[in-house]
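Single chain ahead, by itself, as structure tokens, in the form predicted alone.
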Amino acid sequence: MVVTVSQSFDTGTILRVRGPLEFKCQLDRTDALLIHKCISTTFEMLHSQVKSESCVLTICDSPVIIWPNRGVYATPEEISPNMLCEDIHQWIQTDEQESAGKRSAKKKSKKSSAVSVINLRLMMEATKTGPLSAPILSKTVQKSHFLSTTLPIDCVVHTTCNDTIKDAFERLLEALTHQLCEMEKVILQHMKGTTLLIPEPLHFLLPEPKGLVTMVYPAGVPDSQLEAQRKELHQQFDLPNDWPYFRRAAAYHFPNEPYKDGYLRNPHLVLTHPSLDNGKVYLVQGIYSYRHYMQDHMDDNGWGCAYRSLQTICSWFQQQGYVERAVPTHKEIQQALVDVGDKQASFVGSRQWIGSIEVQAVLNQLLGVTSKIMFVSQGSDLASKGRELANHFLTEGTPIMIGGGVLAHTILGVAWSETTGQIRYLILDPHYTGAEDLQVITDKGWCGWKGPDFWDQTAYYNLCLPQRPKVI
């Protein structure tokens, strides 16, 4: 495992370099000492490659090529080592710009308050300039063992507006060589005979001011077998021992990469917080997927709102790394309620509603998660629950499912004033039936802040407040 820390960031540019490095090692014998020596020798060769003039970094979606070990020489020639790193953006093609490899009249990218990412590809020059020598072929008959794999290099450094290309790429090379060292440690530590476990780089965003941290895990070794290493990391970074910061599912998702499953994540982040007199905002912690009617080729319009709220909660536990199982389908939710004795077998495949009590039972049955139930005799009383809800988001940070009358919703946070008692609720509405369009969802209020009058003032409500397992 490895720790490489970039500085804390809210703005600036992340340089991310990825690419395969071929690991090839020929063994005359298979005793452990020789294997370890041969692996270390092979990594020394890889270090030499990365430090050689043949090492090339190409900037994705641009004509820019940089040789970091040739005085940070670059093409096109207008790019100099002393140019500011953020100026690389003007060479990168975007969907809005003209194609044909031009710079769109050298217009700079619009400044953004958020961190941006420049993707680079690690490559090695296979040929050199100058006269070519004739190839020489030789044949050797020898019994040996050949180890071969591809190392998935994935390094990041964070740059500020004052960093030059030279400074940034020197740090990037340091990160590359450091990652090779840590990959060697992981391979040697988890070697089984002549079987190599591929090292797996992952990035984790820790609470401020710690920033982005890169780890190298052994692929194929489950998180359950890496708890001792995670405990060491929590101590090293002075992190609480009740939140799984370093599980694979909690790995940082870069802002320029779409999620492959198609679900929107955290749509509430684009909303403006309500302003209340002496009010504070208390929000869900971590990442969830917005689940709503008609997703997954499932027509549950009119009856599946609580199922969708439950799926949103399950996605939160999955994406924080508390559980590894997939978000349950409607049928799996129904089967879980049959398994715990809450429903008859005929319930599976039906279109029957569920409520907060059933959500609590399913979370416990499928995820091993306990929940508290808050009973509210009428909707008008929800306005007095600000302290309890604020405390939940402070201490647990999980989405809340609320059911009342014939409707279910997901509460993602509250804005609450302890002095005046004013309250607003951040609601994620599972009744939405449209496409995954963030602007529509937020502009039309499917994810938005609601006042106390949002609730049916005379209906009773049950709230399911999931409790986080205190694990790392």
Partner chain sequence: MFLLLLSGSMGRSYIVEDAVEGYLSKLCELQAGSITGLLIGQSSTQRDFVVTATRTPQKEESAAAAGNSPDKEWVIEHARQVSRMLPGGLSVLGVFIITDADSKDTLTTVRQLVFAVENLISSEHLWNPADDDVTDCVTLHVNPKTRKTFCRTFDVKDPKSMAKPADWKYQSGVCSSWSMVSCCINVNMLVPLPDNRTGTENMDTSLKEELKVWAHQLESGVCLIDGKKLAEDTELTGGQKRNVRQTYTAQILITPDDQRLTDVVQRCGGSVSVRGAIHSRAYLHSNKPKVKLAEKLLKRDVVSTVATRVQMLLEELLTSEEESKGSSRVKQQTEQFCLPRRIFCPVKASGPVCVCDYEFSDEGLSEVTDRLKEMLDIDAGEEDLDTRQETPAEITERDGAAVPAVETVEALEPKRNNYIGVAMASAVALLATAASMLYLSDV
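Here the structure is a predicted model, which means the values were calculated and not measured. Take the two forms, find the largest set of C-alpha atoms that superpose within 1.5 Å, and that set is the rigid core. Numbering follows the first chain given and starts at 1.
From this point on, the text means the form predicted in complex with the partner chain, which you will not see here.
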Worksheet entry | Among the candidates I373, L205, L394, M124, the residue which, in the model of the complex, approaches the partner chain to within 4.5 Å (heavy atoms) | M124
Item to complete: Name the single residue among R351, K128, K260, R325 that comes within 4.5 Å of the partner chain in the model of the complex, judging by heavy atoms.
Response: K128
Worksheet item: Using a 4.5 Å heavy atom cut-off, are V56, K139 and F146 all in contact with the partner chain in the model of the complex?
Response: yes
Fill in: Contact flag, A228 vs the partner chain in the model of the complex, heavy atom cut 4.5 Å
no
Item to complete: Considering only heavy atoms, tell me if L132 and the partner chain come within 4.5 Å of each other in the model of the complex.
Response: yes
Worksheet item: Is there a heavy atom of K450 no more than 4.5 Å from a heavy atom of the partner chain in the model of the complex?
Response: no
Worksheet item: Does Q235 reach the partner chain in the model of the complex, with heavy atoms at most 4.5 Å apart?
Response: no
Practice prompt. Could you tell me which of 405-413, 441-449, 418-426, 65-73 sits within 4.5 Å of the partner chain in the model of the complex, going by non-hydrogen atoms?
Written response: 65-73
Worksheet item: If you line up the core, does T272 shift 2 angstroms or more at its C-alpha between this form and the one not shown?
Response: no
Worksheet item: Would you say K139 moves between this form and the one not shown, meaning its CA shifts by 2 Å or more once the core is fitted?
Response: yes
